[in-house]
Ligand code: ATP
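Single chain ahead, written as structure tokens, the form predicted alone.
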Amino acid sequence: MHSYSLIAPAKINLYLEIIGDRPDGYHELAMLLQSIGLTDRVDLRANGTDQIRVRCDDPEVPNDESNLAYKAAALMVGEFPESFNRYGGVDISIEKHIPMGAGLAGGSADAAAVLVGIDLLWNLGLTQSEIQDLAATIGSDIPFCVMGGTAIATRRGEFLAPLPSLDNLYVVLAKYRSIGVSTAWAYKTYRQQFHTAYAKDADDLTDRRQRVHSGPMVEAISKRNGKRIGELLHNDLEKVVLPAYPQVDSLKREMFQLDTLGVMMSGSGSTVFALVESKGQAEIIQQQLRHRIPDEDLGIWVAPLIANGIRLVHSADL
């Protein structure tokens, strides 16, 4: 039997614009996504049975069919039944470092690692594009988590256009461990409050999508201009999440007082991140924030922006 160990990076949103509704019930989005060096480790091992078994060192992570990692494995079983019959089931072990309910795509990253790992375990020989197409059927963030780096994401987030790497910058991430924000709630609430600003027709939808591709944030990323990127950080979901979660709003205000390139909530929250130019500066910001908010419930992490998604770190014959 074989085993594979993979590193699964979290992601942040540098830009998130909600453009309108889609016929499938999701939102039409325009986002700029970035992988960061806050990572989970996912180990996969053939178990010689016909079962998918998931375990995680974080007791709050479910081990059943509701776990995205389990759903990813079940997808591969359904898509490649002959390989499943030949190689059998898989044990999935997750070493968790990406906080849950954080807007950092931790569950999606683990699922992406499972898709890549089973491709290796079963000798499927899939291309990255083929894995991303499979990933899109179970989660909008998972295709990006497979690819990683820096990218424009449109449609519901699964349609990706790579951009030059921003691995010259760092982030300081802060999240109250006891606060998690439901992504479904955030988007539903946004629709209720701001649907009148949605694109009115297909031409408007296309125009607003294309504007992001040619917009100032993409230009700033192309030039690796950290100062300008910090000025252009944007997240529509802040409009509904921050009023409903005053602690997250207060956290952002505190971080905004520090010497950073920019501060924003990632995704649907509840993580707030500060963009900075160096590891040294990030560590100073981390210390200053801890001094300002000496709350043990507040987790604070420092991470570089990175140029990769799922990465194989070890393989073995058992």
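As the structure is a prediction and not an experimental result, all values here were calculated from the model. One rule holds for the numbers: they count along the sequence shown, beginning at 1.
Keep in mind that the form predicted together with the ligand is not shown, yet the notes after this line are about it.
Visitor: Spot the stretch among 240-248, 205-213, 101-109, 129-137 with residues whose non-hydrogen atoms come within 4.5 Å of the ligand in the predicted complex.
Guide: Comparing against the ligand in the predicted complex, the contact stretch is 101-109.
Visitor: Please tell me whether any heavy atom belonging to T183 falls inside 4.5 Å of a heavy atom of the ligand, as the geometry stands in the predicted complex.
Guide: So T183 counts as contacting the ligand.
Visitor: Taking heavy atoms and a 4.5 Å cut-off, does T260 contact the ligand in the predicted complex?
Guide: No, T260 sits far enough from the ligand in the predicted complex that none of its heavy atoms falls within 4.5 Å.
Visitor: With a cut-off of 4.5 Å between heavy atoms, is R155 one of the residues that contacts the ligand in the predicted complex?
Guide: No, no contact at 4.5 Å.
Visitor: With the cut-off set at 4.5 Å between non-hydrogen atoms, does S66 touch the ligand in the predicted complex?
Guide: Yes.
Visitor: Considering the ligand in the predicted complex, which of A46, L289, V61, M264 comes within 4.5 Å of it through any heavy atom?
Guide: Of A46, L289, V61, M264, the residue with a heavy atom within 4.5 Å of the ligand in the predicted complex is V61.
Visitor: From first to last in sequence, which residues of 242-275 have any non-hydrogen atom within 4.5 angstroms of the ligand in the predicted complex?
Guide: In sequence order, S268, G269 come within 4.5 Å of the partner.
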